[in-house]
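Coming up is one lone chain in structure tokens, specifically the form predicted on its own.
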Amino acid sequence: MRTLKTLLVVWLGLTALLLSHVPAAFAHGERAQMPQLRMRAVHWIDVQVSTAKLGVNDIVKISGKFMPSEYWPHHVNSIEDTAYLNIGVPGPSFVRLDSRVNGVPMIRSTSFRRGELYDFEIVLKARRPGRYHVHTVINVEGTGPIIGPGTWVEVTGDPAAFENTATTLLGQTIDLENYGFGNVKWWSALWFAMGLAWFVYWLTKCPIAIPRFKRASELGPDADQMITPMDRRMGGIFLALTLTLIAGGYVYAQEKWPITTPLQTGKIDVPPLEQPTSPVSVRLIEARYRIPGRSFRLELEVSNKGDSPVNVGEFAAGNLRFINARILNVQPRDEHDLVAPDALRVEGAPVAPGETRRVVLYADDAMWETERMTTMIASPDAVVAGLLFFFDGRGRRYMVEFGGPMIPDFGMVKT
């Protein structure tokens, strides 16, 4: 008995210690997604935020490009069926004023073709003060949200000063923060009063609850005799009153708002951007992730059909960016930006015009572990994908997607 008490005390102490050291949450969801889904679903390119600090009522724009992967996982619903461009942010901290893909308003759902390029812009209005992790999101029917890169945005000011007005098609200016709220309160109070009256009526009858249930069980098929003629009359009165309120409310709404527009549920078509033919082509020979060194090794066959030598300047996968500092000078926007400015090592490049040769890339950085991408070694579908950005001597950029099986390297055997 004394041993059991000792173990209980130790267990409670350890539990309290763990709860007292819970780390703060600095993001909301992107790390929880499987690495294969992050790498093989949507590639986000050149995502920019117009400002990282603004006041209540100020505007922030999020823009960039995205490409649904050609290596989309077969076990999840495709983005080519039904998808919707969205924004991910904790709570109602912003109001979305506009969102467009290739200039098409994203009021409705659409579908996106794999391997094609799309340009997007989302316009938000700050609503509540705070510091928020803002993400681009594409919701795919049957799959859920595909989360893009996040950026911290700080909002200052007085929340009481927020304004959210809109002009209807009839020219009426309304405040969307409280429009129709009076009707909501009135109808809620009315139906609450109806329900309360019905409950009070049966509460006055004795016995109630468990004694009444016991009595009904004892009577069996004859339990209907417990319902008196007065009960039936009151039930009829409440039924008639309920139907009258429903019909009256419908007639009242039709008279007060005769012109209405239903919620739009159709799909729209968004044509992809026209992409120039890339002179660079890539074939993945081997992909290995070395666990002890947190190193991703890619062996590629690169063909250059252009007129200038090309070299790899960036490797992007799963919202992580690895930069070849010899080609590009890219610095993180802040400490949470998923950019490794000097973590990409290239062997075998540049590739001369008309040449095909093997190029080996090493993307070495702790982000593979801190962003929970290392769980890809335990996946039954060990296929990876990503984007390579090649640059020629004239500074032109060529974007190429690659994909294929990945082999985990546990560091037991040198290769």
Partner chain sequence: MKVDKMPLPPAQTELRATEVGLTSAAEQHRAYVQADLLIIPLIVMLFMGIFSFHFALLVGDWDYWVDWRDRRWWPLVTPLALTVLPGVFGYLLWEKLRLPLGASLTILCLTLAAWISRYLNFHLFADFPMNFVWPSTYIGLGLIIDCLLLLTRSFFWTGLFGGFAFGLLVYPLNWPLLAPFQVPVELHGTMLTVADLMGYEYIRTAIPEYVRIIEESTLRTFGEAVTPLTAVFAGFLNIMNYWFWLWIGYLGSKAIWIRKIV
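Definition used throughout: the rigid core is the maximal C-alpha set that superposes within 1.5 Å between two forms. Numbering follows the first chain given and starts at 1. If you're wondering where the values come from, they're calculated on a predicted model, not measured in any experiment.
What comes next is about the form predicted in complex with its partner chain, which does not appear here.
- Residues placing heavy atoms within 4.5 Å of its partner chain in the model of the complex fall in a single listed stretch, namely 221-229, out of 322-330, 340-348, 221-229, 280-288.
- Residue 94 belongs to the set of residues with a heavy atom inside 4.5 Å of its partner chain in the model of the complex.
- Although the partner is absent from this view, residue 83 contacts its partner chain in the model of the complex, with a non-hydrogen atom inside 4.5 angstroms.
- By the criterion of a heavy atom within 4.5 Å, residue 140 is counted among the residues contacting its partner chain in the model of the complex.
- For residue 180, a non-hydrogen atom is located within 4.5 Å of its partner chain in the model of the complex, even though that partner is not displayed.
- Between its partner chain and the residues 79, 300, 270, 89, the one pair within 4.5 Å by heavy atoms in the model of the complex involves 89.
- Residue 100 is the only one of 113, 294, 305, 100 with a heavy atom lying within 4.5 Å of its partner chain in the model of the complex.
- Comparing the forms between the shown form and the other one, the C-alpha position of residue 242 differs by 2 angstroms or more, with the core used for superposition.
- Relative to the superposed core, residue 198 shifts its CA atom by 2 Å or more between the shown form and the other one.
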